[in-house]
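Next up: a single chain in structure tokens, the form predicted alone.
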């Protein structure tokens, strides 16, 4: 039997919830990662950053357990296996990029000589070896991103947690980093990459986890997620001045399963159209053509399933931001 198959998962969330006072940031999250690249996408406030900080041991769960190779993520032995590239900058701005990475190596416990060796190696790997002597306060956003990535790789961790690592990177630099991430995955590393840009992640991996309101709304390949949506028809609210006439038009669309004209929510006067459709991407294309053809005055269009709302924001090409 493969020895790696006997090891605990590299990263495991078991029914994890996190409260900030009265705010529930993570709600019963279960997630297991081994090797390769997993993209983490979701709207602002979906819980991505909280999940990443719990994975690297910065936060403890209110309920449930987070472990790295079977060790509690809060334990120092787990942290030795994790490299973290945060979204927000936290530099000693007076240091050079090279000096900052070297200091981080020393804080990891390496000797001066080993710190120098590792610093040069990771700067070379992120494309900063020839540009690392300027002070950090003069760096561009892209250069700062590369330095953050370099310090995360210093101790050659099994698990790399990267929060928006492509933010501010020019197209050429972005391609270089995508190739670096793929090379790390080919070496057996596990990368969890948070991003608002599903298009960029699609070039990197077909395996994603989509977060919505503190939950994992869907996890798997993009095709599996699209198939999941097709297997569970989507209900959409449509507000228009003449709901009954629009309901008749919608019934003629091939992917529409049912149409109801229903009262709006309590406190909202009038009625709205609720349409149940399969194949959401194709339905919205058909609906858009219908709006143009009949010059419909659509005043509100809203998926009624919160998880599907988040998923659709990405699968239909939007940002998913709220």
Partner chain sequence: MSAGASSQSNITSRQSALRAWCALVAQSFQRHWRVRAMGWIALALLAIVVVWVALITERGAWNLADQRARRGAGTYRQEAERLRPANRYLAFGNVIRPQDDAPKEARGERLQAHEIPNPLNPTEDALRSLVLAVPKAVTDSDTFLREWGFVTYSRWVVHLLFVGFVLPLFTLAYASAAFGAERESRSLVWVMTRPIPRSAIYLAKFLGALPWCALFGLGGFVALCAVGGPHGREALVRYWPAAALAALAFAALFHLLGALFRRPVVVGLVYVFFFEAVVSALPGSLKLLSLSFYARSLMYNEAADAGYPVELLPAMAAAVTSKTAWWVLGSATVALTVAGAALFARIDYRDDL
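Please read these numbers as outputs of a predicted model, since none were measured by experiment. Positions refer to the first chain, counted from 1.
The same protein has a further form, the form predicted together with the partner chain, not shown here; the description that follows concerns it.
> In the predicted complex, which of the stretches 97-105, 216-224, 246-254, 201-209 has residues with heavy atoms within 4.5 Å of the partner chain?
Only one stretch qualifies here: 97-105.
> Is residue 194 one of the residues lying within 4.5 Å of the partner chain in the predicted complex, judged by heavy atom distances?
Contact with the partner chain, no.
> Does any part of residue 158 reach within 4.5 Å of the partner chain in the predicted complex? Heavy atoms only, please.
Residue 158: contacts the partner chain in the predicted complex.
> Could you tell me if residue 53 has a non-hydrogen atom within 4.5 Å of the partner chain in the predicted complex?
Contact check for residue 53: yes, within 4.5 Å of the partner chain in the predicted complex.
> So in the predicted complex, does residue 58 come within 4.5 Å of the partner chain, heavy atom to heavy atom?
Yes, contact at 4.5 Å.
> The partner chain isn't shown here, but in the predicted complex which of 234, 126, 190, 81 has a heavy atom within 4.5 Å of it?
Filtering the options by heavy-atom distance leaves 81.
> Check each residue of 71-97 against the partner chain in the predicted complex and list those with a heavy atom within 4.5 Å, in sequence order.
The stretch touches the partner through 74, 76, 79, 80, 81, 84, 86, 88, 90, 91, 92, 94, 95.
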